[in-house]
Ligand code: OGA
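Before any questions on how it binds or moves, here is one chain, the form predicted on its own, in structure tokens.
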Amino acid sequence: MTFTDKLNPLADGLAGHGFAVIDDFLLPDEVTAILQLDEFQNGLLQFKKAGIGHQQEKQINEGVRGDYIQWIDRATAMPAIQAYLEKLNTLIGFVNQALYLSLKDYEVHLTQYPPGTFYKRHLDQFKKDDHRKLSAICYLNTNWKPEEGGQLRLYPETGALDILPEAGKLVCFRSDLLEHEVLPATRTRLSLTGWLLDQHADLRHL
């Protein structure tokens, strides 16, 4: 199966349900290469506590979210990350052609949820900034077991749906419509979390 073949169900899922799941968006060796980066090898040393809100209104609230993040600068990203960003670019071109969207760019950060942390139900699109059109989360957790928790819980119209954060899996959904939350896990939960934008990314937070 080619990479383009993996993207074929994406348009149907987004158009029909507001979300789509792609297994093996990243191959096992690509996941391994990312996990071997210094950022992940050094635990939370280079990560910052994530806040809620946008720009000046952002605040830290551990009762809402408990993750730590590091924004990716594509100009200095290591080859393992660049390989993922190239796939995101391909995804943007595919979605633009299939769904007639006008996506122009993306923003991505590395994400770590320490054991027991979570992110309560929310939307990804800000009230005062509607440029995030699609959310894209790719998981990096090898040998993840259901009893370890950490599910992404989506809230489509058909009812709540839990998705395990298994290595290589990409979940893509409408940032403006689909509420979701991250459930607590018993081990550290890792991902590449990003948004596809209808304008060029503002790099002020890098």
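Quick caveat: nothing in here was measured; it's all calculated off a predicted structure. Sequential numbering from 1, following the sequence displayed.
Only in words, not in the display: the form predicted in complex with this ligand, which the text now covers.
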Next on the checklist: So this ligand isn't shown here. In the predicted bound form, which residue out of 26, 34, 172, 152 has a non-hydrogen atom within 4.5 Å of it?
Outcome noted: 152
Item to check | Touches this ligand in the predicted bound form: residue 122 (any heavy atom, 4.5 Å) | outcome: yes
Checklist entry - Any of the heavy atoms of residue 195 lying within 4.5 Å of this ligand in the predicted bound form? => result yes
Checklist entry - Wondering, does residue 167 line up within 4.5 Å of this ligand in the predicted bound form on heavy atoms? => result no
Item to check | Contact of residue 113 with this ligand in the predicted bound form (heavy atom, 4.5 Å) | outcome: yes
Checklist entry - Since the partner is left out here, which residues of 162-185 would have a heavy atom within 4.5 Å of this ligand in the predicted bound form? => result 180, 182
